[in-house]
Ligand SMILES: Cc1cc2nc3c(=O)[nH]c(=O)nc-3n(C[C@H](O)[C@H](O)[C@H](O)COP(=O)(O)OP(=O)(O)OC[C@H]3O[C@@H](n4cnc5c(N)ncnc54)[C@H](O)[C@@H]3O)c2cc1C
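Read the single chain below, which is given as structure tokens and is the form predicted alone.
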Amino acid sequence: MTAPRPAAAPTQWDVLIVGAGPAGAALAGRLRPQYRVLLLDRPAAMAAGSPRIGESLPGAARVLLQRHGIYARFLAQGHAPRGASVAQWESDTPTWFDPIRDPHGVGWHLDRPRFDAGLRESAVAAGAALVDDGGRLAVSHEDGCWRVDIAAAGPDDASASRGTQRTSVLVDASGRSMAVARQLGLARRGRDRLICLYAHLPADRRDQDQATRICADANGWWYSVRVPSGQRVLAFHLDGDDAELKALRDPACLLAKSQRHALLAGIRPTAMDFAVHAQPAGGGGLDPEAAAALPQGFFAIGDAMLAFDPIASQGLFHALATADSCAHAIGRYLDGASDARTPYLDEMRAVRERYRQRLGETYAAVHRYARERFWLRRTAAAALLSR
């Protein structure tokens, strides 16, 4: 990977982006070389101990990849065409969907580490400065400018500083942690208790199944798919206060529970030497009205703006889409348009409402578990949001 560029302190930037995941990196690459862009990330965000999941892009993402100027690089990365999906959702009868019916094309199953690294490399190649060894941030707004003080990373450097950066535009692309928005007094709305337990099962040459398998369970839901590395992802989504959560951190328990379902019974890893990881997966996002009350020049994108429940399968598409929309808004703002943020926030309101409606319909469709706590919580939350 291209070596990160250290940023001098103090330095003035046009745009400072906190978070170098897909949303932040895509935005940085899009804004360069027209603007001076600093992309900040912390070492913890790049830790390899818990491999990331989120392995698909729909065919509709092709237009976004082209707008970001990374489509050719993306195709060269070796991502696999997305196969059919099969679900036991509304009932025990499997329902198939072939993506060839999608007018935008079949889409892709991603090599996620390669995809993320490629976006960062593209941003640096375009001229964005990248600092990925910073620690805690202190954000403030003074004299019409955003100030970000960056502490050095690591417990031995608690009193050291990576410098003070000043910028006209500050973007929170830090994901569900909302590292910037929380400092500015904003809170996530609509957050639920959803936790994703997931494992990357060892590659098996005999496993050539390209279908995405989705299955409702009494206390959550499953999905499994084979990714381009040859590994198979097995993931279960349940409530964080579920009594079964601790036991399912054991690989044998997770696998045994999955195999109670016909769609997943054929998943038999070649070895049991895989880890089970856990991460928050509940949807929710910033209140656009609260974001609009902040000083001009603040934006949030990707999961920091609106995090999708994984059943929507829209997380990476949303990262690219918000980076695209935000790039237009930032360009207008830096050109002097004082109302540049308003259309962007209006768009996010519309996206949020469509997402909420579709999510409520999706969870309400599982009638056979409708009286179970996991499903009652989600249909009740959907009813509350629709009022």
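A residue's number is simply how far along the shown sequence it sits, counting from 1. Please read all numbers here as calculations on a predicted model, not as lab measurements.
Although not depicted, the form predicted in complex with this ligand is the subject of the following passage.
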Partner proximity in the model of the complex: G360 to this ligand, non-hydrogen atom cutoff 4.5 Å: no
Please tell me whether any heavy atom belonging to T270 falls inside 4.5 Å of a heavy atom of this ligand, as the geometry stands in the model of the complex. no
Contact of L65 with this ligand in the model of the complex (heavy atom, 4.5 Å): no
In the model of the complex, does V15 come within 4.5 Å of this ligand, counting heavy atoms only? no
Note which of V37, I70, C326, L40 lies within 4.5 Å of this ligand in the model of the complex, where distance is taken over heavy atoms; exactly one does. L40
Taking this ligand in the model of the complex as the reference, which of S168, S258, S122, S177 has a non-hydrogen atom within 4.5 Å? S177
Candidate stretches 247 to 255, 298 to 306, 90 to 98, 71 to 79, one within 4.5 Å of this ligand in the model of the complex by heavy atom: 298 to 306
Since the partner isn't included here, can you check whether this ligand sits close to all of G144, A181 and Y344 in the model of the complex (heavy atom within 4.5 Å for each)? no
Contact set, 206 to 222 vs this ligand in the model of the complex - heavy atom within 4.5 angstroms: none
